[in-house]
Every structure is written in structure tokens, then in C-alpha cells.
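Here we start with a single chain on its own, the form predicted alone, put down as C-alpha cells.
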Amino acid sequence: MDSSNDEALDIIITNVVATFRTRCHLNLRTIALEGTNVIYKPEVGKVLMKLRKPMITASIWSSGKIICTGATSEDEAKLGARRLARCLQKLGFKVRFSAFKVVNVLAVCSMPFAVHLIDFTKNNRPIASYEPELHPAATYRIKNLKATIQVFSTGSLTVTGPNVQNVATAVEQVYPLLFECQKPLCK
């Protein structure tokens, strides 16, 4: 970060996607008939189950694979996944919670300045791309972190990465590049 600018950037995690396995076959029809807060999608071959605390939505397949979305932290995602496994146990399935993994983290961050996207893209050409006809943001991909940053001209960032640490590191890496391409303040 720049030494003349002491304010800290708030990185707000908006969604954590996690997967886990139950190590048993699940009868989707039974879950749909006996479970609570359930939406059965037979044409896709899955059941959606929602939990209120923590607020997550789970996609459940008959193979026992479950994807949880909507958590706002990695700990909340794990708690929600374990609660979901407990709900399935109460429905009579021999569920064993295994192979839990956070697969994606989505976060937003706002720079204290606006960004000139054309300059930003020219300065970082192989990594950054900007197609204003297709999307209003420039895309900046950091391969070693497996993170993608969408940079808007207002200074807002949308960051996706495999975990919270990579998301924070990606914002730290892109900040100096954005700082040198900031728009001058209008008076």
C-alpha cells in the first residue's frame, strides 16, 4: 500500500462455495418428501436444501456429492456443511462427513479512488483485458494465486479466488497497479 495513504481497504467476502461428500448414496425423493426447506429438481437430478443459520443453499446429488453456497466465511461454510450432513442423518441416511473443501471465494473491495481502465489495461497488457463492448470492467488474472479481479472505473473490485488468503493477496498485488492509473479528482 502507498505510505501517504493510510486508510485500510475493506475486503468484504460475499460468497464462499464449498463441497463435501457423504460417502453414501442419497435417495433424492426421500429427501424431497421428508426434508424441510427443500426444492426437488428431478429434471436436473438434484435437490436444493436451504439452511437459515448459517444462511446457505446446498445442491445435493444422489451420488452423495454436495455443494454449499452462500456462506460469508470459510468457517461458516464448514459449519453449514456439517449442519446439512446432520439434517441428512436425521432423515435416516448413513452420512459420514468427508472431503470438505472450499473451492471458491467471492469478495468485493472498493478503492478510495477511480481508475482509468484503458491506462490500466495498456500497462498490464498480457494479464489484463478490457472489452467495454462486452463488460464494463477490466479483467485482471493472477495465475499463481488462481485469482481473477474485475476492476470497474469507479474503483470497485470483484475478486474471486480459491480461498480467503489468495483473495487478500490478490488485492494487495493489484493495488499499486491501480494506484498509478487513478483518475484525477474533479473539482
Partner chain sequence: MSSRVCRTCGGSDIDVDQARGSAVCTSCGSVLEDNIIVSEVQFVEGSGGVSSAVGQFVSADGPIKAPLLGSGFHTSVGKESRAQTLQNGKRQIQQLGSQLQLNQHCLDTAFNFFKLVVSKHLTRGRKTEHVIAACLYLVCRTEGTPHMLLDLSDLLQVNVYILGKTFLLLARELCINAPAIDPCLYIPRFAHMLEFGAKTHEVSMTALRLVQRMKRDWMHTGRRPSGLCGAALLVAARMHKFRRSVKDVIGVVKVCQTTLRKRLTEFEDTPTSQLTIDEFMRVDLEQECDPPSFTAAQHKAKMQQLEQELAKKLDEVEGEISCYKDEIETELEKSRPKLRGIYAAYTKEVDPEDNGEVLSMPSEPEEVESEDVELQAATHHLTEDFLCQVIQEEEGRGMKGDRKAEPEKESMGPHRQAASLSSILGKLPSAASLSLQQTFQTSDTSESGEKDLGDHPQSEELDLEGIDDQEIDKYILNEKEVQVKTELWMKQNAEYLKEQKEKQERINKEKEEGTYKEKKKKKSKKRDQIEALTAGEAIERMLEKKKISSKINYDVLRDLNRGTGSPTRSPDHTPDTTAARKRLNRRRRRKTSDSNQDLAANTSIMGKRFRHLISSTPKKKKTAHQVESTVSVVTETETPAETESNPPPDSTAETSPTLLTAPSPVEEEEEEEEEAEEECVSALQLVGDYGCDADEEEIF
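Being a predicted model, the structure only gives us computed values, none of them experimental. Residue numbers count along the first chain shown, from 1.
Beyond the structure shown, there is the form predicted in complex with its partner chain, which is absent from this document and is the topic of what follows.
Name the single residue among 32, 26, 67, 142 that comes within 4.5 Å of its partner chain in the predicted bound form, judging by heavy atoms. Contact with its partner chain in the predicted bound form is made by 32 alone.
Taking any heavy atom pair closer than or equal to 4.5 Å as contact, tell me whether residue 117 reaches its partner chain in the predicted bound form. Taking the distances in the predicted bound form, the answer for residue 117 is yes, it comes within 4.5 Å of its partner chain.
Is residue 101 one of the residues lying within 4.5 Å of its partner chain in the predicted bound form, judged by heavy atom distances? It does not: once its partner chain is placed as it appears in the predicted bound form, residue 101 has no heavy atom within 4.5 Å of it.
4.5 Å heavy atom contact, residue 162 to its partner chain in the predicted bound form: No - in the predicted bound form, heavy atoms of residue 162 and its partner chain never come within 4.5 Å of each other.
Since only the chain is shown here, I'm wondering whether residue 154 would be in contact with its partner chain in the predicted bound form (any heavy atom pair within 4.5 Å). Answer yes; at least one heavy atom of residue 154 falls within 4.5 Å of its partner chain in the predicted bound form.
From first to last in sequence, which residues of 99-132 have any non-hydrogen atom within 4.5 angstroms of its partner chain in the predicted bound form? In sequence order, 114, 115, 116, 117, 118, 125, 126, 129, 130, 131, 132 come within 4.5 Å of the partner.
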